[in-house]
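The chain below stands alone, shown as structure tokens; this is the form predicted on its own.
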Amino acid sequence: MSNLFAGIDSSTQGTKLVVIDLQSQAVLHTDSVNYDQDLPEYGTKNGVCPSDKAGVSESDPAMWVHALDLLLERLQQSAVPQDRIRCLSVSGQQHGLVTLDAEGRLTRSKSKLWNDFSTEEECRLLTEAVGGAERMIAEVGNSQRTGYTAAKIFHMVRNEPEAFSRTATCFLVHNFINWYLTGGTEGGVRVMEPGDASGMALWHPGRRAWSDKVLMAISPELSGKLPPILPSDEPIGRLGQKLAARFAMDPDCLIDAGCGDNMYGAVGTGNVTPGIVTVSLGTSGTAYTMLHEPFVDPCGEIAAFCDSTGHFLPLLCVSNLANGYNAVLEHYGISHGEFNDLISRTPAGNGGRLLIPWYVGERTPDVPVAAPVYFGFEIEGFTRENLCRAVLEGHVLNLYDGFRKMPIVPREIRLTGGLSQSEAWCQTIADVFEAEAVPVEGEGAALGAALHAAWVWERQKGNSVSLADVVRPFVRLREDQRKKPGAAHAAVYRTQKEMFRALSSRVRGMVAGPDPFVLRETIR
């Protein structure tokens, strides 16, 4: 009988479940719960509880557990023999804070999510407390950003001290779900692992140690509320007895340490050896790669993360990506296919017209209060064709401008997310990054979690198998959509990349560098 493995991805807008058969190299089951549609009783919009407070983005952790239960109920009703699942792993949206008391009750009814921007003051105060941005990066390998967990905890200390006092454990999202899976209030395991923990801005991924200075700046009590950090490539326990009985699952089913969604997105796209870069094209955009040695950006814009294998995953995140694209489609009433057609009528470089697409506050570069900048557009230049080309190139150039700091020359870029199937996006990424780009099929982080679970189980059985060997048969590349960089386009984009960097610097008050007006003349 085949051994099965399951991966769960608890994301902002929904939860996914993937079950794989390692022997037959097949995905047997995929299912998902959309919070807004399937769990309307929580009243979410795009997975977030509505709030009239600026910058607040929160969800009820009970909703994530409810979604998981619903998926396990559906699995039990399916043809999949769920009692043959030998190991289960959880991928979670990174940085979200979940706090429990000693008995396992929530001390805060809602979790501040990765996209909560209400903690800007806490970021500033923490940075000042340790002696500035450079000192902060030395302490935790990252700058303090509103997305990270440290400022969320500090916000609780400052604004909800009674709730913080009752808190026994500060969890990240996937750690909370692991606690539930291993028994919850009846002996659930309270631990963390390096991958997700390195995004808290409390723990240095290179030294693999908590920063006493940052912990003390938040609260002298905080160190006692943080679970131990155990390896990412080992199980943390077994499925809780009541859950196993409730869903007719094997009580010996192991629970993998789990990790953040970006770390498992890397696994699910086969990004487990150096030289491959994963680019996720969603509302926000990310680019990340696997390294054997830690990389700490002295400016703190590239996130310094561990991965789920004992290695490292430097990651770039930009806040603006599909938002500009979706807005231009809606404004002009055009389809995805029509967008590609409009792009085909315009030249690479857009005749020197350029867009800096900071429609909302940008994370990389750090521009919390932002606005888009249209550069080089003559009066007659604001056509549908030119604006579509500007949106496409602007978002890709913004992504590349942050990525260029990474210590890697990619041999291949693997695309995932909603826009990854677009021919225009795929080709432009290949041209700008000067590397082959190919979309990846599948469920991304959920598949990565299932593959990681299989790898961990094999290792526990004493089988010497590499993660790359486990992953390879399951990663499906859309070879029919693979794009190679065009020599002529790449040459134009080298100038445009320089122009984007120069204009971005000047807009932010950094006047050093070439003149963007002079550079524009070489593209026109």
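Given the structure is predicted, the values throughout are model-derived calculations rather than measurements. We number the residues from 1 along the sequence you see. Rigid core (definition): largest C-alpha set, two forms, superposition within 1.5 Å.
This next part talks about the form predicted in complex with a small molecule, which is not shown.
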Partner contact check in the model of the complex: of 239-247, 347-355, 158-166, 312-320, the stretch with a heavy atom within 4.5 Å of the small molecule is 312-320
Just to confirm, Y400 within 4.5 Å of the small molecule in the model of the complex by heavy atoms?
no
Does the small molecule come within 4.5 Å of any heavy atom of W114 in the model of the complex?
yes
Even though the partner isn't displayed, in the model of the complex is S505 close enough to the small molecule, meaning a heavy atom within 4.5 Å?
no
So, D261 and the small molecule: in the model of the complex, are they within 4.5 Å at any heavy atom pair?
yes
Considering non-hydrogen atoms and a 4.5 Å limit, which listed residue (S284, S211, S143, Q82) is close to the small molecule in the model of the complex?
S284
Picking from W425, F305, F176, W203, the single residue whose non-hydrogen atoms come within 4.5 angstroms of the small molecule in the model of the complex is F305
Once both forms sit on the same rigid core, is the C-alpha displacement of T127 at or above 2 Å between this form and the one not shown?
no
Rigid core aligned, does the Cα position of L321 differ by 2 Å or more between this form and the one not shown?
yes
Did E362 shift 2 Å or more between this form and the one not shown, C-alpha, core superposed:
yes
